[in-house]
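Heads up, the chain below is alone and in the form predicted on its own; it's given as structure tokens.
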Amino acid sequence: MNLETKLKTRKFFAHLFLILFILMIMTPFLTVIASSFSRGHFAPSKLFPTEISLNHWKYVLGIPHEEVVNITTGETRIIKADVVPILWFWNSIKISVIASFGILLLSGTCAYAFARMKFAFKEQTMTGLLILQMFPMVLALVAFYTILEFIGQFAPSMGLNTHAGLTLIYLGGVSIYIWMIKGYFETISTSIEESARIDGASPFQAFIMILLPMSAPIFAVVFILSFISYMSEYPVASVVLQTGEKWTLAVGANSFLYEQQKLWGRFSALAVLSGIPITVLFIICQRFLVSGLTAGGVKE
């Protein structure tokens, strides 16, 4: 076997492996999509539905539709959600976007202070933030509940069962993003900011007009990661949000999985719906995502 044949054989098996690997990854997603278009509430099991129905999507979008109650008699009834599930989708988008922008604001300014300024207990504070991040938010559910209950006595709009209260809790997970942005800032040469100060720019102007535009990739990464985590977050949201019209998508979708009956079709439709904004965000920010994870700014 000559060299050219060996290369073609390796290329063939490499492509075959990649195709099989992609099919293995895509199978669960295709199964969920098929389940959202299947008639009935059976668990996802097939790549292609045997009988296509839009009833699950109509329910999720708040469109009244007829559903057969008794197959023998043909009796039907009008099905309409008490709380339209698309409202949960909107709640998740709103909370995730606001919390993600808040994370950018807090982590960006804090990271600049840790990366460029000198002050007492700087290293100890950074270490403390890292240690705090090692404990998941779910371990502090009782504390979150107590804090929001107390805040609600003085500011009801930021207490329990409010989106503002949930957003406030989410902003507490800022420390890991401070570390990410700080590491990126440290790869950018300080000589650029020093040149700006020589030209008369204040530290704030140098931060806003020079450092932030050069750090767009890492801010895109932080926004995407925080947005995805908040879109899919369930434990904290299920404790803070207590009424159906306030639920996020994750909490609302879980309500379809009753102990007595699991409505897999509606759950699958919501699962597909939740992936749309994340996919769009990835498509828009993919070039920033790659450069933000693999490259720094101007090197010394």
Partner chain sequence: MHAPLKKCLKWSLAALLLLPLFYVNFLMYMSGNLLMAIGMLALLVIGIFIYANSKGYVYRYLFPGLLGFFIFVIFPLVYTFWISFHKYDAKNLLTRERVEGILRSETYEPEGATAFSYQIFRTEKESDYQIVLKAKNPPPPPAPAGQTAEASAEEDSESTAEAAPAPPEEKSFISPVFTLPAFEKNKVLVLNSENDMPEGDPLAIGDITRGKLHILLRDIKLQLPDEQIVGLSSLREFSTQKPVWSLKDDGSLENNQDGRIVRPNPETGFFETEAGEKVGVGFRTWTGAENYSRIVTDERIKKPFARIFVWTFTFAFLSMATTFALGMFLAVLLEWEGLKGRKFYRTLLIFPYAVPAFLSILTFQGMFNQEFGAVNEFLGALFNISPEWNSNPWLARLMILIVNLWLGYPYMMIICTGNLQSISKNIYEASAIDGSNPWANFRRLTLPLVLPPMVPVLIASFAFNFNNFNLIYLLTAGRPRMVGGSGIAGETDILVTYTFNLAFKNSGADYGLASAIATILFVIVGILAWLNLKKTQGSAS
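These figures come from a predicted structure and were not determined experimentally. Positions refer to the first chain, counted from 1.
What comes next is about the form predicted together with the partner chain, which is not displayed.
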property: Which of 186-194, 224-232, 76-84, 210-218 sits within 4.5 Å of the partner chain in the model of the complex, heavy atom basis; result: 224-232
property: Listed residue that, although the partner chain is not shown, lies within 4.5 Å of it in the model of the complex (heavy atoms), from 271, 34, 54, 61; result: 271
property: Residue (of 244, 275, 49, 40) lying close to the partner chain in the model of the complex, criterion heavy atoms within 4.5 Å; result: 275
property: Non-hydrogen atom contact residue 45 with the partner chain in the model of the complex at 4.5 angstroms; result: yes
property: Residue 154: touches the partner chain in the model of the complex, heavy atom cutoff 4.5 angstroms; result: yes
property: Residue 136, heavy atom within 4.5 angstroms of the partner chain in the model of the complex; result: yes
property: Contact test in the model of the complex: residue 160 vs the partner chain, heavy atoms, 4.5 Å; result: no
property: Contacts with the partner chain in the model of the complex, stretch 3-26 (heavy atom within 4.5 Å); result: 7, 10, 11, 14, 15, 17, 18, 19, 21, 22, 25, 26
